[in-house]
Ligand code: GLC
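Next up: a single chain in structure tokens, the form predicted on its own.
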Amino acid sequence: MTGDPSGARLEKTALFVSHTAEMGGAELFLMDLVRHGPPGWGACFLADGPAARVLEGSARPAIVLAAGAGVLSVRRGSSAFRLGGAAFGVVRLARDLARAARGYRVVCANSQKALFVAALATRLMRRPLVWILHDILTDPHFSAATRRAAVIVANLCASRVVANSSVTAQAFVAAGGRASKLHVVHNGFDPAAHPRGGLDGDPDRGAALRAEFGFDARSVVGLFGRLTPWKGQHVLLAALATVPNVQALVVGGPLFGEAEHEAHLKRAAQDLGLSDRVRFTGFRADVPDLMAGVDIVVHASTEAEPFGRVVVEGLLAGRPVVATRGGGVAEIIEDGRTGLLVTPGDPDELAEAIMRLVSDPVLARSLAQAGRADVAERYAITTTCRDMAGVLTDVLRPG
């Protein structure tokens, strides 16, 4: 176990616990809360990773329970037998978490795997539990056993369930969760941390990006996110095959044993004759700068997003955004006013939307301006911290 995010001088209010320290959307949400929230909020990861390293150099380093890595072997679609086999490791890890969280008034589980560990730990500690739900539980990728276990534990053990969107909240209730426990707290962002490109920002960012990746003067679209089939990188490649005057930057790396998918995408780009127009960057820590340098941000997920962080980030970068409709994305973008929405998995419709923005710079600029103004107001990190503080105050209220 390493790190103590608050120290003896501060009142320890809430410990936010995630099962992984990889840089996924849930972990970025946790990091933003801890960095921008009250001094008494701390972070804990049940396995080491990049997110822990980022916080290590901050005023609030994370607690890392390295012994929790074994819990990561349980996947979304695991059977009841597999879940039962992991229970022994959960018990041991819960004891470690209870010791690490000593002094905190409430524990907030930031993932499903963290929920099971934190539920037992808070029983040992006699402290309240809050579950921050980042997934659509009705997603068919979740096995019936995993879904049922999560809902039962939440109903029995969690004082509150915080959903990252209305879609996520509705799916929790549809899966059997108690609506009386629910609060919606959106992901929050600091607009100052997202530089703007284009005519309303720094136009030199586009030139710098072209120089770095060897692009010519043609339009550049950017797709940002983990390399996994449901994020739709293959849909963008298929769309580009019909749009000869557009180049693409694919930013992100594979996680959780999906390295073969990266090789598959690169082969697909070559087979489609796109090798001279597509660049794969792997993981990059400078995503806000890269977003500000592309001409269009594309979100191409083939399945509903619980929230859609990359969509908000693209709009904060002052870039027009084309995104697939459904899930939390439909709560972020108003089609035709703050961005363009297309059908998931439809490369022809995606290509048409891209060409519409390339051929109509007035529309592209209008969408970018309206989109940034809208999300900067609705998804400010100060609002997120305020809303989360309100939930915690309610949980800790006497009686």
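Throughout, we count residues from 1 along the sequence that is shown. Values in this document were obtained by computation on a predicted structure and should not be read as measured data.
Not pictured, yet referred to below: the form predicted in complex with the ligand.
Stretch-level contact analysis of 148-156, 223-231, 317-325, 263-271 against the ligand in the predicted bound form, using heavy atoms and a 4.5 Å limit, identifies 223-231. With the partner omitted here, the residue from 122, 112, 164, 247 that has a non-hydrogen atom within 4.5 angstroms of the ligand in the predicted bound form is 164. Interface residue remark: residue 308 is counted as part of the site for the ligand in the predicted bound form, having a heavy atom within 4.5 Å. When contacts are judged by a 4.5 Å heavy atom cut-off, residue 367 does not count as touching the ligand in the predicted bound form.
The shortest heavy atom separation between residue 26 and the ligand in the predicted bound form is within 4.5 Å.
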